[in-house]
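Quick setup: one chain, the form predicted alone, written in structure tokens, and binding and motion questions come after.
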């Protein structure tokens, strides 16, 4: 919520997002879409497995979209994110000329 006790649009803090998909799974209207890929994490130590050492990987966020034409502004995604990658930020999304214009990606959510 904002300082005045209201909430509006949601901001993505991209560097905190691990692409865990919890926000998308918990959303009651499925208005969040996430795409990611995995990369080897050179800073993490290799993991011992039954077949030898395996490099550790991490998810890298490729796409994060909120469709405001579906969003109920319930805040479940903000509350459920264990990495604080989502937060309330400003007023509601202004009306747009089409439904497609209400799908905000990473750039619009930052």
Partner chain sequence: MLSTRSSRGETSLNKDSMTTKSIIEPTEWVDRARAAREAGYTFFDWLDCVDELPVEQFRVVLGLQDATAVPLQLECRIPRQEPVLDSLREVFAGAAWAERELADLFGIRFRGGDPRRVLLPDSYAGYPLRKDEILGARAVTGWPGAKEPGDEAAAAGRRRMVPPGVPDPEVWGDRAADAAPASPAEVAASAAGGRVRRARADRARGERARGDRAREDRAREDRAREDRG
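Owing to the predicted nature of the structure, the values given are computational and were not obtained by experimental measurement. Residue numbers count along the first chain shown, from 1.
Although not depicted, the form predicted in complex with the partner chain is the subject of the following passage.
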With the partner absent here, would 20, 25 and 37 each sit within 4.5 Å of the partner chain in the predicted complex, counting heavy atoms only? yes
Single option in 29, 74, 53, 44 placed near the partner chain in the predicted complex, where near means a heavy atom within 4.5 Å: 29
Taking any heavy atom pair closer than or equal to 4.5 Å as contact, tell me whether residue 33 reaches the partner chain in the predicted complex. yes
How about residue 59: is it within 4.5 Å of the partner chain in the predicted complex, going by heavy atoms? yes
For a quick check, can you give me the residues of 86-110 that have a heavy atom within 4.5 Å of the partner chain in the predicted complex? none
